[in-house]
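For this one, two forms of the same chain are given in structure tokens, first as structure 1 and then as structure 2.
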Structure 1
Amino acid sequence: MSGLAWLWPAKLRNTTSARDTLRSLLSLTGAVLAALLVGSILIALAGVSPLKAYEALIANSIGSRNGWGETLVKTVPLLLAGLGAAFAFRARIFNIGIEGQLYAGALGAAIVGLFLGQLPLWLGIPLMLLSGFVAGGLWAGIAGVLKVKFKANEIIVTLMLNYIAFELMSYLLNGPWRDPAGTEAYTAHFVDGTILPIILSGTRLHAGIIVALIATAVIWWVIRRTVLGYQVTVTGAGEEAARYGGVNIKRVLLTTLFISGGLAGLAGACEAAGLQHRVLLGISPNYGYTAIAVAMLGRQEPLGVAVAAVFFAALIVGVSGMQDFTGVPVSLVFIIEGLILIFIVGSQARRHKRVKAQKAVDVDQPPLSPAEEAQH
């Protein structure tokens, strides 16, 4: 395919059977329940009733208007960053640099929010979001170019870029971009035309949730209805087969990493313009790393990632209430996240082993005779 034809819509056949979908859903549910069960054991060992602890968690996260508002506020960066991780994972690109790309996106948003002067809302917000997306995409693109040109391992490169992005942010916020009226490492307040408005009165929920939902729909459409989405999925299934089918692997890898980083950059832009209204040095409490768990729990499917993002956001918000009412430490949420990842990986490894064994059995089976074939 030449030109822009590879981005044109295409009717793609969904090869996932209903049985596979159900099995996948059950395994994910089992992973979450197993993690919560182990978490309840740890809570009990701390001398606290697990029932009361989880009751406090639910009450604080989704038991009130403000709780829902805070949960959805946390959902915004987790959903956008999770979509970025999931999109890369579909092409079997292990983008571990979501955190750094989120930083880059926040800095990209700051370029518009700080240096372009007062802008009307209809222009300022799209420019700010676009700047965040491009900054995150270009930061991820560094790993893409190194992978395509020099076969550099994207896991190592993206991980190292996280540290570089953080140090770059630290330099800017402690140096040329530091708010002259402030005492901490942060920028000045963004201009009004680049700030995402509050959409739920009495809470901190801003229009970033709308951006995240639109991004979810767009990525779903790209994966399910475009040639690019098909090529990303085929490349993830096996580069040799994709290359044999005429897929330009290098272009797919570069485009996938750019979109993946762009989505993470959007997360940083929304966090800066919607919640903080400036760039803080600690703008992300490890959202980029949590996004990897979100992508895995969501099975790299946009709708699944959205559900997983709300779940993890509720955990993050709810655990603070659990600590206030029961004394259970906030670190429990990281333990549960880690356990979920372990159980998901274990489930996938077991499924892979079962599929591999079944393929071996199928290969060993002698071909059916015409009579037997007719019977089947």
Structure 2
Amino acid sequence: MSGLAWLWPAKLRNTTSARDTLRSLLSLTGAVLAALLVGSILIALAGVSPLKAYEALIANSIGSRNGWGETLVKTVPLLLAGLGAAFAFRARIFNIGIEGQLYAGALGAAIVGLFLGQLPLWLGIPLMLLSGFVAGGLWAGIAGVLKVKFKANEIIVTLMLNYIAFELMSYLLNGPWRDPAGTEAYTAHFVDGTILPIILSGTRLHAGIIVALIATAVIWWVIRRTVLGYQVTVTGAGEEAARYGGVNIKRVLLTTLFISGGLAGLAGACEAAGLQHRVLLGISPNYGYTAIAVAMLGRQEPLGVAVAAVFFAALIVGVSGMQDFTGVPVSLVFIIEGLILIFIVGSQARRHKRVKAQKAVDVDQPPLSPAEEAQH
């Protein structure tokens, strides 16, 4: 990586950055492999040959044009939501409410998709995306305001907001926004001008992937090149020092949560306008929680998040296919996600210990002898 990448190393370290990047990649790969290994034991427990299951997994996800199409379709919400989680984590704000913000974003998009009448594509899509972003951002902003005003713990608040958002959505889809012609709880079809077009014929891959890639580039730029990015990073790495340095912590917290929720909202908007063309209760099979794993595996770096999002998307698509073939329950995905997190967080801790040991030496170093001192 070029540019300001050197300005903010993720962790205290002494080695050259190339070697360290390699080691970090290796340890992440190790975590993934270890999780897949434990996963294979669980598959065997279900009475299926792990080898055959993983074969089916790969064949279904990246083994065909359609598989790739589906993987990229799932990449859209995971990448956007993962960026949202990563952005908040960088400031050490634990936004666990990505799921609820995603619902809010889908509902925000629905306002444009349902109630503004016919719109031309060039206006409809940006407006729909903007509305989704703002809705997600505002929903996360509730937690931000409560944190800033009352020091309310954002973990609990954002989690509770997930449940509340679901009930809000359920109310709207069962009540005022319900498709009169529908048989279940979902809205009417979005107007054509707000639908994200298919970009790979023969698949379901829609323009949401472009939105997600642009968002990745923008977030990369914000983190690396802007004052806001610096302030977010500084606040996350040392809040007290940031305050001392004149950073307006409250503003950073609010802005960070708004952007984080906004990205989650974009994920919901793209799912609604690109894939379902409406809002329905099952719009997110827990993408918001998978996003946490995406952000962690991607080390809160936009490019890493992109790679992690594709990986988890392939996993979800593959395991779904695996279920059809072998009967292994699709919830295996969450087990593997959780295990990856456990292995990552376990191996990071060990590195932390090594650094501590080095510091201890540093403290005990004797001062320079007078002769040496004179030379300096």
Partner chain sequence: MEWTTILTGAFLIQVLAASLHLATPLVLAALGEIFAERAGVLNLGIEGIMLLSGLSAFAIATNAQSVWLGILAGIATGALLGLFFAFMTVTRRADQIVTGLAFLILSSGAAIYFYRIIFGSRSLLPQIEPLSQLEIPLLKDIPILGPVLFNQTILTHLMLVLVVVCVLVLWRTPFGLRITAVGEYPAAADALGINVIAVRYACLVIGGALMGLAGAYFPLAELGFYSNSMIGGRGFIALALVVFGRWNPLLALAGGLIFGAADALQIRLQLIQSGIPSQLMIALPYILTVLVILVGRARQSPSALTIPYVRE
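Just so we're on the same page, residue numbers count up from 1 along structure 1's sequence. Note that the rigid core is defined as the largest set of C-alphas that superpose within 1.5 Å between two forms. Just so we're clear, the structure is a prediction, and the values are computed from it rather than from any experiment.
- Of the two forms shown, the form predicted in complex with its partner chain is structure 2.
- Once the two forms are overlaid on the core, Gly327 shows a Cα shift of 3.1 Å between structures 1 and 2.
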